[in-house]
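To begin, one chain is listed below as structure tokens, in the form predicted alone.
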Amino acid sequence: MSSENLGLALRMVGVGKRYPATIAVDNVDFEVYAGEVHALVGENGAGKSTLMKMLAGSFNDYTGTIYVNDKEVRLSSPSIAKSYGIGMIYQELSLAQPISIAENLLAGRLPRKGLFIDRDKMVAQAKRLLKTVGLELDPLLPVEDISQHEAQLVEIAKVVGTHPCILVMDEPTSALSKEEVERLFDIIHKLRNTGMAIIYISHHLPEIFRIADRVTVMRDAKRVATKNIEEITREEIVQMMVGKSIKEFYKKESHPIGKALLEVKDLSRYGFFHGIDMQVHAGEIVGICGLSGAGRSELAQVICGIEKADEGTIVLDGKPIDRLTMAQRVMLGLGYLTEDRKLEGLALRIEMDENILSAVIPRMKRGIVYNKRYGRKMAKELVEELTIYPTDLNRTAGNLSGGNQQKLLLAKWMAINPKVLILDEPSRGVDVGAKMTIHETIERLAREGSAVIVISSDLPELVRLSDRVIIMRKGHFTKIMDQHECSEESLLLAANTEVEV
């Protein structure tokens, strides 16, 4: 039976949402059938997240009409949305860190025995929910003791356990390994076959073509088009989203390579990586590829001074920096864009310009006084160069979309005029347009003489950007591949092969 025969689970008619300075969603019609996987795509800031927040009951001032299972509803609060069977899996996890997996999974519906929680029943129910996503964790473990990808699967199990009729998944694979992604796709297919309506938001176009029945493209707060997945190509989706073809996106530029700006010799941090030797030159983009747990991020954190090495030396532009603090290394031109922009990269409650200038404050001091007016011109230029929207420098970082937050974080490290810039998952969870901007900026930094290291799980990204790629496995470098050797297949094979350099 086709999804059309099951009827519409959701119909949004002429819905809109306006903020004081902008229209986030502009008169959008959107329909999803029961038993359908409906992909929702668009650049960061296109309005898709706001559209889904309306569905989740985050706003009581939206315009237009929403129907759930042919019944007109007013979704003015999250509790009302849940009562109509709407489940939301957000990209940013909503799990409570200090409490157990079981308490998170069953929050608001913990089984009780009289006045007390029925611990045995709670554990049994939690185990059943974990099994639906292929996890065999102890339900009594605190969430803070599990990995990010495990937490993502727990989040999915939590929402699926409420048995929604409409399920929204916002970038659900952003923290998952390839095997876990396949497991999630199996779960999605099973849920679809039960008649559940699934709205799937993703910036990974291959995922859309794997699992979606239809796709809706949004741009500039409006719905551009809705198509059956077999009636549209990847190139057409990109064109609708950003006005550029995918061929333009993956065009590789060449640039001259200069002297070594970063030299690492016999570097070790026990338990994470061992005996690392590496040189990165001016004008060079070096990719680091490896499976989860290979030690890539830990290596970056030692090089930039967040963590200490147990052995080895680090030289920046001819100067040993092993004994320097991270702040001192930043002053010498070494930047590190962390993979977690919200927890480690940005201060979400302060303004955009203060975030951009935070790494260069010591350079702008006049005696003991810091006046951010000295740097506002530079901050304004970086916002314009990276097309960060909105452009209001007084806007807080937390009020930007995910892609604009990522570009803001990149602007922060561009502000130091880096000699060496390490980027850890620079385009995770951003749309095609933001990814283009980030890639173009990385290439420009290399052209202007910076040495760039890109740590990424996005194999096309490594192939597209890197002059050479270093394969890292279980704390060791196992292979170095020149640009002409690199393809998605060769990188994946090398990352799974235990052959040391």
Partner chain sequence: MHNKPMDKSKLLAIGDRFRIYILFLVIFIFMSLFAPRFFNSYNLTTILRTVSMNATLALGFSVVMICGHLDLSIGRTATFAAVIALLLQKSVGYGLSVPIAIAAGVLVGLVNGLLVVKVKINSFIVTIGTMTILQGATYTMTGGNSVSLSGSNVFAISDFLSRPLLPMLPPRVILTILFVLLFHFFVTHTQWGRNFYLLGGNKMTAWLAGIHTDAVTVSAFILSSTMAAVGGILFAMESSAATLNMGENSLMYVVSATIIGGTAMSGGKGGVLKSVIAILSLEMLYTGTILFGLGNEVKIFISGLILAFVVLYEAYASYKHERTLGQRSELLKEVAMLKARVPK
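Fair warning: this is a prediction, and the values are worked out from it, not measured in the lab. What we label the rigid core is the largest C-alpha set whose atoms superpose within 1.5 Å from one form to the other. Residue numbers count along the first chain shown, from 1.
We do not show the form predicted together with the partner chain, though everything after this point is about it.
- Proximity to the partner chain in the model of the complex holds for all of E103, L137 and E144, with the criterion being a heavy atom within 4.5 Å.
- For G475, a non-hydrogen atom is located within 4.5 Å of the partner chain in the model of the complex, even though that partner is not displayed.
- For the chain shown alone, S268 is a contact residue for the partner chain in the model of the complex, at least one non-hydrogen atom being within 4.5 angstroms.
- In the model of the complex, the partner chain sits within 4.5 Å of a heavy atom belonging to S58.
- In the model of the complex, F273 approaches the partner chain with a heavy atom inside 4.5 Å.
- A heavy atom within 4.5 Å of the partner chain in the model of the complex is found for one listed residue only; from D310, E72, D322, E182, this is D310.
- When the partner chain is considered in the model of the complex, only one residue from S94, N228, S177, T194 comes within 4.5 Å through any heavy atom, namely S94.
- Partner contacts here mean any heavy atom within 4.5 Å of the partner chain in the model of the complex, and among 195-203, 112-120, 279-287, 208-216 they occur only in 112-120.
- Residues P78, S79, K82 of 62-82 are found to place at least one heavy atom within 4.5 Å of the partner chain in the model of the complex.
- With a cut-off of 2 Å and the rigid core superposed, I453 has a Cα displacement that falls short of the cut-off between this form and the one not shown.
- With the core held fixed, K222 shows a CA shift below 2 Å between this form and the one not shown.
- The Cα shift for F272 between this form and the one not shown, taken after rigid core superposition, is 2 angstroms or larger.
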